[in-house]
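First, one chain by itself: the form predicted alone, in structure tokens.
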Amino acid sequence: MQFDKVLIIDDELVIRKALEEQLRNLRYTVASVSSLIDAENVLGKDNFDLIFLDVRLPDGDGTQLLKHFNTLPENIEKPITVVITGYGSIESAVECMKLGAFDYIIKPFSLQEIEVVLKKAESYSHLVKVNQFFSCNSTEGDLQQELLGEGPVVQHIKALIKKVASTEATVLITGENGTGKELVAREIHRLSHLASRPYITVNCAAIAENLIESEFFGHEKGAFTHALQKRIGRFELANNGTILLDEIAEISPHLQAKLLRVLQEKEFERVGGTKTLKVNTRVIASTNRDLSKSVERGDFREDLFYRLNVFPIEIPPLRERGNDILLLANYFLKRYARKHGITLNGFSDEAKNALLVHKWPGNVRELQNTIERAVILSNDQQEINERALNILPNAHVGTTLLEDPTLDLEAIEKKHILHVLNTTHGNRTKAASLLKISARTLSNKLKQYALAN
């Protein structure tokens, strides 16, 4: 992965100019400073992929910056740092590496040496990002990276997270779509002793039924058509770590039986394989359904439900969180104002009231999308007003449908699906959220009523 921006922090003019010239010739955007205070000013205004950092600077030691990076929250991406010094020693090198430096170079260095370091750093960064894609893939999309809220509801959830995180108990997280179930799962993993181990997610509703078993357990070469090579499943990837089974209610009875075995025996076979594989994986499951009712209907195995429901955590809908709605709205306002380069001073009183009275059927996800759109629409305003929010009416079956005695339930459902799709401008993900069904169920309904494109 090619870096974009590089910062040089060195008080020796010759070194700075030589590095600047070489990096610019390699098509990097380069900034350079000669002191820690100047570095802090530059870093406060811009982000850099790589930093070349001198140890001895006029106003302090370069290791101070390394220590500062270590205090930043885990969700903030830190630049890769290469230490350069003319006073190298084993002790200094060890200290810098312990503080997180990627490499340690002694002056004078050659241009070829710098190119080797750049290639190594870019390769390392690429591997990290690939790992993050597989290990931190979030079904919640672009939501906040921490559980925000000051009300008793969120404080209670945080307390439950802290209690269960220190154990290896299986957790079942329930709540409507868009409430942040995956966020809670990720926080449990982050606070656990498995935090440095893999965190793998599987969206059971987003994977075709004929492929989900392979996603869970992997497959052997030739196990089925197009299985051209062996594939490692999510449970293997999560070995000695955590796996999140999102929307667990969507899996078939056949797969429920196999999942029960994994929970009980910690073992499985790949699709098309005969070798029994052992795994030690902490399981967190989530669903927007009432699994106890699914058990009563015969849609979900009772024994599997009890295996999953060891430590339940229920996430309440956004409409029940009071003033936390405004806290989240302000968080998203600042985030998207920064993202789109727009200056705003907050919300008007009318907008605040609109935010509080809206029922938010799509919960935090709906609020997030609403605020981003409002930020963009308010580009020439001082604050976000009620008109910019343009909050859609809460989705309900219209009285006109219910008052028509000629319509059967299937016709009402079909018309309502069309109505919700219209309000979301054809966005199926949002429509499914408003309808409180999975994206797969909505897709099946569209096919059933011949509404699919």
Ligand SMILES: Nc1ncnc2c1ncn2[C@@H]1O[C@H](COP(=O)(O)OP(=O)(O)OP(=O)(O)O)[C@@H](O)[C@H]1O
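A quick note: this is a predicted structure, and the numbers were derived from the prediction, not measured. Numbers for residues come from their place in the sequence shown, where the first is 1.
Keep in mind that the form predicted together with the ligand is not shown, yet the notes after this line are about it.
Item checked: Contact of K181 with the ligand in the model of the complex (heavy atom, 4.5 Å) -> Close contact exists here: in the model of the complex, K181 approaches the ligand to within 4.5 Å, heavy atoms only.
Notebook entry, point to check: E250 near the ligand in the model of the complex, any heavy atom under 4.5 Å?
Noted result: E250 lies outside the contact set for the ligand.
Notebook entry, point to check: Is E176 close enough to touch the ligand in the model of the complex, meaning at least one heavy atom pair within 4.5 Å?
Noted result: Because a heavy atom of E176 falls inside 4.5 Å of the ligand in the model of the complex, the answer is yes.
Margin query: With the partner left out here, check for me: in the model of the complex, does some heavy atom of I313 sit within 4.5 Å of the ligand?
Written below: Outside the cut-off, so no.
Notebook entry, point to check: the ligand isn't shown here, but in the model of the complex which of D299, D303, E350, E146 has a heavy atom within 4.5 Å of it?
Noted result: Only one option qualifies, and that one is E146.
Note to self: Please tell me which of Q368, T81, T201, S378 lies within 4.5 Å of the ligand in the model of the complex, judged by heavy atoms.
What the structure shows: After the contact test, the surviving option is Q368.
Check: For the spot marked by L328, F332 and V364, is every residue within 4.5 Å of the ligand in the model of the complex through some heavy atom?
Finding: Yes, the whole candidate spot contacts the ligand.
Next item on the list: Could you tell me which stretch in 103-111, 146-154, 342-350, 258-266 has residues with non-hydrogen atoms within 4.5 Å of the ligand in the model of the complex?
Entry: Among the candidates, contact is made by 146-154.
Checklist line | Residues of stretch 30-51 in contact with the ligand in the model of the complex (4.5 Å, non-hydrogen atom) | finding: The stretch does not touch the partner at all.
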